[in-house]
Structures are given as C-alpha cells and as structure tokens.
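Presented below, as structure tokens, is a lone chain in the form predicted on its own.
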Amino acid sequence: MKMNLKAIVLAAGKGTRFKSSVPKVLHALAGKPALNYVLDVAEDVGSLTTYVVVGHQAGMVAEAVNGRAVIVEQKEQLGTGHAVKMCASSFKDDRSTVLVMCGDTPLLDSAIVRRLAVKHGRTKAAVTVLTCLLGDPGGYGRIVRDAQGVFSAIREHKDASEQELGIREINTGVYCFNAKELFKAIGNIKPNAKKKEYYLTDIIELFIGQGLRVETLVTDDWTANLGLNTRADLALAESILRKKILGRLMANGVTIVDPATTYVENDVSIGQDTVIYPCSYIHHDVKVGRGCSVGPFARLRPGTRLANNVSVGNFTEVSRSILGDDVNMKHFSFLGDTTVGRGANIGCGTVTANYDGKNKNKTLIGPGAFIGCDSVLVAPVKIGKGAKVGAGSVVTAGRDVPAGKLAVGIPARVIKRV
C-alpha cells in the first residue's frame, strides 16, 4: 500500500542523565548512532521526506544525519509539542500522514511502524498512537481509556494520579497524524503547569474535544519503546540488538559457538558454514565468506574482507584488509591495510607495520606466499607470489621480496630462490 507519508524525528534533547558531551541520539549501538536506526525505519516505511528536529549540539547531529533528512532547529527546548511545531512551515496545505518518532528509540521495528501507518490510513483518524502493555510501566506516559475502553488521553507519568499510575498500557512515543489536523491544533497546546513545556501528548484531548477520531495500535514488543535515557539503557539496547544480529546469522547457517561472548556489529555479512569462536569481535563493514573460521579472541575491524575457507585464529586482528581464499592466519598476528593472495600463510606473530606516523601504507602478500613466525612487514611493501619470509625477519619499506624468493634477517635480504 503506497502512502503519502512524511516523518518527523525528535532529536533535540540533551540527554542529561548520560553525562556526556555527545548528544544521546549519537551514542553508538552495534557500530552506528542510535539516530540512524530511527532514520532507517523512516526510510523502510516509505517516508517521502524526513525532518530531524535538532537542538542540543545541533551541528553535531546534523553532520551525523549526513543529508538523509531535512534539519529543523529547535533553538529553545520547550517540549515535544514545540519541537513538532517547528516543522509547521514545511506542511502548509499538506494532506500527508505525519509519522512522529523519537530519535533515541533505536529498537523500533519497521514492520510495527508500517502496521501503524496502515491502520491510520484505513481508519482515517486524526492520530493513531503506538502503545504497549508493560508489566512494569515505570516512568512512561499512560494510555487513559474510559469505562468502555475508548482511548481518551495520554497522561505523562509525572502528572498521573495514583489510579492512572496503575495503568499498564503505555505510550511508545510513536504517532501517525493527519498533517492538516496536527498543525491546525498544535498551536492550541498549553504549556504544562509544572515544567512549562508543551507536550505533544496533550493534542489527544484537543482532538477528542473537537470530535475527531483517535486510534491506537497495541504492540507486545516491549523493546519498541525502549528509549535511551541512561548509559544503562544504552547497554540494554546493545545487548538486545546484538542478540538479534546473532540470531539472524545463525538462522542463515553461521555457527556462533558462544553467543554470550561474541560481538557482531550491524552491517556485517557472514557466509554459510563459517564458525565464529568465543570472545571474538566483528565490527561493522566486515564481510566474511563461506567456510571460514574466526577466533577465539579475534578482532575483525571495519573494511575487512575474508574470502572463503579463511582461518583467522586466536589473538589476531585484521583491519581494512582483504584475505583471499584458503588463507591461514592462525594466531598472534596483525594485518592492517593488507591484501593477501590465495593460499598464503601468515605465521604466528606476524605484524604489518602499516602506519609511518603520517600515513597508513599498504602491504601486498602474493598467492601462496609464506610469512614466517614473528616477521614484521614495514609498509609499503610487496611480497611476491610463492615468496617466503624467514622467521623473525623485518622486511623494510620498499624492499619488496620478488616472487619465488626467500628473504631473511634484520633488515631482510633476498638470499635465494625458494
């Protein structure tokens, strides 16, 4: 179902309880900022234009958005209602559906939000609110219903009565609005008596007072409303997201020996029949082929590409490097900015010294090459096809080892054909 939908993402808050100079929406989960997950949802559900309302550290947030959305600045943080009002000029005579989300809810599921938008369109409501039933509703706003179960208000926790605090249905902070009704009513929201802020939630009672239709969609996915208010929330969201990532990998034929100690970030591709051993960390922007072996205690950093049947063993690190089919790198080694040809062997303790203090330089290791234990390859350098480097050797920058030759010593010198 194609919808005329636009999104507003609220990302102006400081996140005081984070005790950070970085806005809370920019703290990373599984390799990318929390805000980016919310922008992904907006794109997944088909937002034609997305607006991100920024305030605290506005420039930093705008830079992270990187052109994916229109930036709207809220110079004074006067609440969620005021934040949405900042977008009013972009919706003059607009009849679209407006999806409103918070930038600090990275676990939102696109499928649930899509269901919300579909229900909103079908019922032609002025607003449809995504709600959730929680055993412990904590500090969340409560969904107030009348004796017949009809949705009548959203009551913020700090303003709720004792009876209302007993309600288990909470507001997730995700809404679909009729654009025309939203921006016609938003100027009528009054500031809260206690905090002097304009709550977007107060618009529900305004709509009801005007006889407009208000709807809810209830989800049983409690993670949908998990906002990042503290570092503990960040850690909880990270653990939930990590389990989801590992679950998808295992469902696609990857063996994760111990999920509790395996960390895989977002945007990682791993082929079937690859085994990831305990205490391994695979960062974002990593691709691993079929039949590989990684770990234990291995680290694959961004930009790493492993072909098929590659072995990267214990206490190893690979960064921005390409390892061809059947490469063996068993233990205690580091490869950075390196391309390794098919069937090469990287001996225990091998290090590519890729940084000269100014630049990251490249190392090329040809197919079938053999690098002896405790060797140092000082980039830029090239080890030719089938060449060998003796154990403990230091191949200095620019002193390439030709194909089929043996180099040994400190500094390494070519002594004969292999």
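Keep in mind that what you see is a predicted model, and the values were worked out from it rather than measured. Numbering starts at 1 and follows the sequence shown.
From this point on, the text means the form predicted in complex with a small molecule, which you will not see here.
The partner is not drawn, yet in the predicted bound form one stretch among 285-293, 324-332, 75-83, 90-98 has residues with heavy atoms inside 4.5 Å of the small molecule: 75-83. Residue contact check for A12: one or more of its heavy atoms lie within 4.5 Å of the small molecule in the predicted bound form. P106 falls outside the set of residues with a heavy atom inside 4.5 Å of the small molecule in the predicted bound form. In the predicted bound form, the small molecule sits beyond 4.5 Å of every heavy atom of E215.
Interface membership of T172, defined by any non-hydrogen atom within 4.5 Å of the small molecule in the predicted bound form, is confirmed. Between the options T201, T131, S280, T316, the residue in contact with the small molecule in the predicted bound form by a heavy atom within 4.5 angstroms is T201. Think of it this way: in the predicted bound form, the small molecule has a heavy atom of just one of V113, I154, V310, A344 within 4.5 Å, and the residue is I154. When contacts are defined as a non-hydrogen atom within 4.5 Å, all of K24, C102 and Y140 contact the small molecule in the predicted bound form.
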